[in-house]
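Presented below, as structure tokens, is a lone chain in the form predicted alone.
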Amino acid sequence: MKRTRLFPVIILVLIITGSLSGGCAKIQQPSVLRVAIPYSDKIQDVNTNYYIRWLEEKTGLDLDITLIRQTRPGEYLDALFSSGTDIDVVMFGGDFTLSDEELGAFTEAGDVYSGDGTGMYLNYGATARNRAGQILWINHEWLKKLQLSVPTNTEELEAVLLAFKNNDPNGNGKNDEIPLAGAVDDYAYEPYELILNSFVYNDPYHSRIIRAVSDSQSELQTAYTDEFREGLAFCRRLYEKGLLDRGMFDGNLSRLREMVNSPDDIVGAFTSDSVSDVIYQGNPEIMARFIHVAPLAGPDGVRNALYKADKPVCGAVINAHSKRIDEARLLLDTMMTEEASLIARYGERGVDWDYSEGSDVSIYGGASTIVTFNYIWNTSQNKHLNGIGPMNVPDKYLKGVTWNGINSDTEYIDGRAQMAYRDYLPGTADPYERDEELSAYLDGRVKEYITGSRDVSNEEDWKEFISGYDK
């Protein structure tokens, strides 16, 4: 009888035990994926970042973030692979960038996973493609104070810069004005490159060579013409008069930002790709001070805008020694989707941006696709990684942003500037493949001619320059 009475109890206990054990088996902890991300002062806290949390929810992964506090990715990867540190994914962005050559060496050594053939997850989408890569921004407050018009040609530019230098436009009684400032970090910050485009199409990104295409014919066109020489002589004159800042040869971007954002109001003009690359988004008073200047006409009426076809850069790699390759691929493949990429570029949908109804014209002149409520690119925020990591934002969104009514929104400011430069881009030019040795030679000579260590008017020196170029 006892067995009879106990039997249902035993069955019940077994069922309960089995249910509990089975239930435990079904509760799976998310896989931990260890991800290294370069430090950025534009990201407030990666551990609470909206995009990171969204990726975890979307993939079911637990992302364990390690911050990289150095700017030499090659050295970092060398140390990572030699030490065997348990990092599954390394992301890139900002100053932490990896060249194709560096990546190839790590892939060939078997340290970078190359399931897709290259080992690289790319980053497309920080800026719209096929655009002007250099814009001139001028201090409108100084123009108003000195009763000057926005310059339209190189002669007027020289007169404006002289007035900036000599007439105390910031009103502090000191001779501390920098008429036209620059930095060496990129061609976009070197104003003489923009000025040369008023004399001849000057494309430093492609060794100052374009492959001109017409009627199915292709020929190389070089910049070392008489007009190029005339442009160098003009830049030399500006530099000799103290109108061009020497920082364009020996100063970095941080210095340029400090000067332009200074409350002392010491900069008259500068060049950049985006205004937000130099002026802080959280500084609307200074943002409102500068306006774009359309491409300047040279002595022969030439106006050119610098065409910049951005090549995608490395956004992330997977450690080939990782035991979580599939999880790493899931994360990075998710980041390359349109949904993720729009968050990576614009932030939280419905809060920072949303899709447009398409009834408006975008700030770039085309059909509207999205509207931004809070422009958070290049600001201290916690919604995305500010360009770090892989992404792929379609051009229809990058060029389809609708004005949100905020004059200090840098997306709007940049869009208006791009519209002013659009008609001066080379319409039928196929960029020449950059030659590093040739570019270094040209950059060195341009600097020497502008600073005066070589005389651009000396015939023998110019012939020697052409000979060296041809070699």
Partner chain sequence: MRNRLLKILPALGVLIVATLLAGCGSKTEVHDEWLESARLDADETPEELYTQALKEDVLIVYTVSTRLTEVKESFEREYPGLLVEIRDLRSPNLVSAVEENYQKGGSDCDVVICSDNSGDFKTRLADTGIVTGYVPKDIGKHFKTADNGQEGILSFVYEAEMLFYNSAEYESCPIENIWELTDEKYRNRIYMPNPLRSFSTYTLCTSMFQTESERALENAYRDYYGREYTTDPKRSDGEGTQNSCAALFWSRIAASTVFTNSSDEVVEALSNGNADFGFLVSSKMRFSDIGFSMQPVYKLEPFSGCRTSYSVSLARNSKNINTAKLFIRYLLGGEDGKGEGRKPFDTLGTWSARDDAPDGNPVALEDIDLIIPDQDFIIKQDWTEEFWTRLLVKN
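Positions refer to the first chain, counted from 1. Everything numeric in this text was worked out from a predicted model, so none of it was measured. Rigid core (definition): largest C-alpha set, two forms, superposition within 1.5 Å.
The form predicted in complex with its partner chain exists for this protein as well; it is not shown, and the discussion that follows is about that form.
Between 245 to 253, 279 to 287, 327 to 335, 306 to 314, the stretch whose residues reach within 4.5 angstroms of its partner chain in the model of the complex through a non-hydrogen atom is 279 to 287.
Contact with its partner chain in the model of the complex, defined as a heavy atom within 4.5 Å, holds for exactly one of H321, H206, R211, H292, namely H292. In terms of contact with its partner chain in the model of the complex, the residue from H140, R229, K165, R257 that brings a heavy atom within 4.5 Å is H140.
For the chain shown alone, T410 is not a contact residue for its partner chain in the model of the complex, no non-hydrogen atom being within 4.5 angstroms. Interface membership of V150, defined by any non-hydrogen atom within 4.5 Å of its partner chain in the model of the complex, is confirmed. Residue contact with its partner chain in the model of the complex: R69 places no heavy atom within 4.5 Å of it. Mapping the unseen interface onto this chain, G84 falls outside it, with no heavy atom inside 4.5 Å of its partner chain in the model of the complex.
Interface residues of 330 to 360, taken as those with a heavy atom within 4.5 Å of its partner chain in the model of the complex (partner not displayed): E357, G358, S359, D360, in sequence order. Shown in the overlay between the shown form and the other one, fitted on the rigid core, is a CA shift at G350 of 2 Å or greater.
After superposing the rigid core, the C-alpha of G444 moves by less than 2 Å between the shown form and the other one. For M419, a C-alpha deviation below 2 angstroms is recorded between the shown form and the other one after rigid-core alignment.
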